[in-house]
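Below you'll find only one chain, the form predicted alone, shown as structure tokens.
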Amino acid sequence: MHLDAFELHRPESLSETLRLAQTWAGQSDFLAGGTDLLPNYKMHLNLRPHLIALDRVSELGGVSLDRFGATATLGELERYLGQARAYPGVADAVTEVATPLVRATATLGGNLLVDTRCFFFNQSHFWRQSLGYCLKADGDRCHVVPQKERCYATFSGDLAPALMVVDAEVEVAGASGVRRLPLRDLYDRTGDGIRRLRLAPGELLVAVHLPSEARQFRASYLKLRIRPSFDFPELGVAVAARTDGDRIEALRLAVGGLETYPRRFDELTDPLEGQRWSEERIRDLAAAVSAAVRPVRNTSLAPDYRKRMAGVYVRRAIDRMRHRGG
């Protein structure tokens, strides 16, 4: 496999980056760590003739207690969170991403915006050509759920669920200015594996902001995958809670790896606020999550198994959270 020719742009400011994004709208990708984008390019998946590198844009970097820059590497974030001990669920998620070598290059923004995955899509050009391509690249038909309207590739990041449960916000910049929105609203719940983000053309993720209240939560993140040392999630479960003794003051739960977007389950956790922990309540919550998710046959593990394991991992994640410090 090889990279086809493209023009590389290396802006040195956010304003220059946005100008290039507008100039090459629809013909460019942003390049940060490149740990997912460049392998996709080698497999001829949705190539663009222009790449806008972000490594020289200082406004996108940095890590502090309440702000994580979009181009901060996962290695930087791992070292910082290991010292700060402020967001244990996020720290869990960071260490679950790939390998130390990949984390040294991969970025926070890249993991939040990582492309959706499917075993009909993430294959060589020769393999996809023999099948007739797919709706997400070069073809007009989804092979997961055969039809021509919707892509069922699944969300494959780890950090989004862990950040969603502590009410993180994202800062986004574009031609119309800078805006902030809850991280959970970055993902289009009405979209699909192709139309998956609520970003305007040319918009760029600048940073993740964490409210001070997030540091009051106990939290955890657990991940199901085939190869524990490397793979993308087949399932990721994040939970966070603020408690008074054994009484639940606030509870958040989010799941990734099963659908086209990371999903938070406020409708299931809000009724538990003010209640006390009990094995029955935890079991009922886990069963409700398992019943609500809708995985399809687009990864290595069977949908029914991933669906059942969602409930198992909810129980395990809650147990891990309850037995650790905030």
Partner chain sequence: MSTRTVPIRFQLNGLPVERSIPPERILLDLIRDELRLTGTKRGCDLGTCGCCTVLLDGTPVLSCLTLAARADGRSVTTIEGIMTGGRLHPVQAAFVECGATQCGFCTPGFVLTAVALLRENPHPDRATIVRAISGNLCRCTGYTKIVRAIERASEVAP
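Keep in mind that this is a model prediction, so the values were computed, not measured. Positions refer to the first chain, counted from 1.
Missing here is the form predicted together with the partner chain; even so, the following discussion is about that form.
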Checklist entry - Pick from 241-249, 198-206, 95-103, 166-174: which stretch has non-hydrogen atoms within 4.5 Å of the partner chain in the predicted bound form? => result 95-103
Item to check | Heavy atom distance at most 4.5 Å to the partner chain in the predicted bound form, all of 143, 146 and 194 | outcome: no
Checklist entry - Quick one: does residue 319 come within 4.5 Å of the partner chain in the predicted bound form, counting heavy atoms only? => result no
Checklist entry - Does residue 283 reach the partner chain in the predicted bound form if we count a contact as any heavy atom within 4.5 Å? => result no
Next on the checklist: Just checking whether residue 56 would be counted as a contact of the partner chain in the predicted bound form - the rule being heavy atoms within 4.5 angstroms.
Outcome noted: yes
Checklist entry - So, in the predicted bound form, is residue 33 in contact with the partner chain at a 4.5 angstroms heavy atom limit? => result yes
Next on the checklist: Please identify the residue among 130, 190, 212, 229 with any heavy atom within 4.5 Å of the partner chain in the predicted bound form.
Outcome noted: 229
Checklist outcome for this item: Only hit among 42, 276, 67, 294 for heavy atom within 4.5 Å of the partner chain in the predicted bound form is 42
